[in-house]
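Below, in structure tokens: the form predicted on its own, a single chain.
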């Protein structure tokens, strides 16, 4: 493997490295473009727990849309708890306000016994639709997100995958 890398001319090696950088920057631009189109900071999320079963299973990949701010009872939303970095996927069970008044939401996981007031920030009883909600779920692909779960649970896999991707791009022959 490294023998073929050493056999590359400096110009070929530079071209392969630039090719790899192009792949990474294209993926980043697609993500940012999707973020702008959906008006969501994270337009695609993975279900990390079983709290929404049977609607969504752990590992399902969810597609979000954040253009309609009049969220209704029964909609599944993804929100971030203030001060924490984990997105939570739960169903809206109550809404307060709307129209000219700020919209507040109360959520609950389909597989949970109680609502999410214990999950919210310390001084928070409801979600502020405009500040806390990342988006509403508009579609999903079952189990595709397990790759993300494995990469977060086993960090060495992430390194191995990046090394494999870089090596395959650099060693690719045209």
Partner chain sequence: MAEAKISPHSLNDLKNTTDDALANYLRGLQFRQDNTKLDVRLAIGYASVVIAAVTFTADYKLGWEATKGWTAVAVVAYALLNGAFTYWTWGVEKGCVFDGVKEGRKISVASKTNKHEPTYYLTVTDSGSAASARQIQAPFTTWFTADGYFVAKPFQQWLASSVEAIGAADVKNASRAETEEATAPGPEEIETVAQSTGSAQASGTESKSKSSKRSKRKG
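Quick caveat: nothing in here was measured; it's all calculated off a predicted structure. Positions refer to the first chain, counted from 1.
One more form of this protein exists, namely the form predicted in complex with its partner chain; it is left out here, but the text below deals with it.
Q: Can you confirm whether 136, 149 and 160, the three residues that make up this candidate site, all sit within 4.5 Å of its partner chain in the model of the complex, judged by heavy atoms?
A: The answer is no; none of 136, 149 and 160 reaches its partner chain.
Q: Heavy atoms within 4.5 Å of its partner chain in the model of the complex: does residue 26 have any?
A: Heavy-atom contact with its partner chain at 4.5 Å: present for residue 26.
Q: So in the model of the complex, does any heavy atom of residue 124 sit within 4.5 Å of its partner chain?
A: Close contact is absent here: in the model of the complex, residue 124 is far from its partner chain, nothing within 4.5 Å, heavy atoms only.
Q: Residue-level contact is defined here as any heavy atom of the residue lying within 4.5 Å of its partner chain in the model of the complex; does residue 32 satisfy this criterion?
A: Yes, contact at 4.5 Å.
Q: Does the 4.5 Å heavy atom contact test between residue 39 and its partner chain in the model of the complex come out positive?
A: Because a heavy atom of residue 39 falls inside 4.5 Å of its partner chain in the model of the complex, the answer is yes.
Q: Between 9-31 and its partner chain in the model of the complex, list the residues on our side with a heavy atom within 4.5 Å.
A: The stretch touches the partner through 9, 11, 12, 14, 15, 17, 18, 21, 22, 25, 26, 28, 29.
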